[in-house]
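We begin with a single chain expressed as structure tokens, specifically the form predicted alone.
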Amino acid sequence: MRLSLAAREKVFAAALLTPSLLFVAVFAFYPILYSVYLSLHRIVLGLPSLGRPFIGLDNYRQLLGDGIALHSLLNTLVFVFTTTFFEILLGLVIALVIHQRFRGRGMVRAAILVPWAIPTVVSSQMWRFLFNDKYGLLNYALFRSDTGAYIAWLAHPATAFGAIVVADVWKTSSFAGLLILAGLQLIPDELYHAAKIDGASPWQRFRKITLPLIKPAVLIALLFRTMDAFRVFDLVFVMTQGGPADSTNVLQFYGYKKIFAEGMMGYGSTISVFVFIISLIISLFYIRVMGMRLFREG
């Protein structure tokens, strides 16, 4: 039986998509489902005699009554919204600058992307050295070595939290800028020429043309950065280890400590599932509210 051209195209498309779907199923869906399974059981590493008793939602009830977990959730939310705000703001500035035509623009674009290209562990270690109270460059620049004065940036709760925010914003603002730049390059130059002929000022052109037309790109950058900020782990692990006094203890790092330091596999998996649910809800909120608003405006 000979297949029609349309049927052969469907078979060919399915053959191309099947490996990708299998990859996503194995490396994305299965870990999520297995984490949910673990969160419904009491599993303690090092005590195999306890087995894996099914306890239903007991881990989730324990999580909602865990003061350290709730404090870590507050730290995570503050970190997410603070870093996302500054990354989108600075990313917009970066995109507007590198979108202009000037000599050496290609080199500037490449230089701006360097922080994003550096592995997070490497950049975290670099910022840890910069914020060091004894030999850090920041204290040396502010106080000089002969004064004897210094600030223990990573030993005080407020400054330690600010340090991880600065490190994250420095690294990922260029990524947000790259996404927004893609939106800027889709705007026809004729719109700006027409607005300039009509007497529109640079601010009016930005507010009436640029900002409305880059909203989809900003939404994409916002989604990516929000979900990525909720998964922050290596930055905290390298710079502060969750201290001092749990001031930088985020949910992902708290879950890591529960699993690998205390051996509570079930409870640690519950924290991971909780982080996934929160990030999913916020992402759906962005898509639902901001996406529908963009659709209506379009």
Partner chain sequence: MIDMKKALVYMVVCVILFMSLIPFLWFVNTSLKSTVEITTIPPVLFPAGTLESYRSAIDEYNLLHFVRNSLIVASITTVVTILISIVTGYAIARLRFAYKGLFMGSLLVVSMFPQISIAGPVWRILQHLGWLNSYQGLIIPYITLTLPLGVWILASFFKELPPELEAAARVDGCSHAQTLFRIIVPLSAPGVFTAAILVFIYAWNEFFFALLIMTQQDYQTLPVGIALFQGQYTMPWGEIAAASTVSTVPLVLMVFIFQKRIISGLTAGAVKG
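Positions refer to the first chain, counted from 1. Predicted model, so just to flag it, every value in this text is computed and none were measured.
The protein also exists as the form predicted together with the partner chain; that form is not presented, and the subsequent description refers to it.
- For the three marked residues, W203, I209 and R288, no heavy atom of any sits within 4.5 Å of the partner chain in the predicted bound form.
- Looking at P31, you'd find a heavy atom of it within 4.5 angstroms of the partner chain in the predicted bound form.
- Among residues of the shown chain, I88 is not one whose heavy atoms approach the partner chain to within 4.5 Å in the predicted bound form.
- The shortest heavy atom separation between I281 and the partner chain in the predicted bound form exceeds 4.5 Å.
- Shown alone here, I112 lies within 4.5 Å of the partner chain in the predicted bound form, counting heavy atoms only.
- With the partner chain left out of view, the stretch that reaches within 4.5 Å of it through heavy atoms in the predicted bound form is, among 156-164, 173-181, 77-85, 187-195, 173-181.
- Along 225-259, residues M227, F230, R231, F233, D234, F237, V238, Q252, G255, Y256, I259 each place a heavy atom within 4.5 Å of the partner chain in the predicted bound form.
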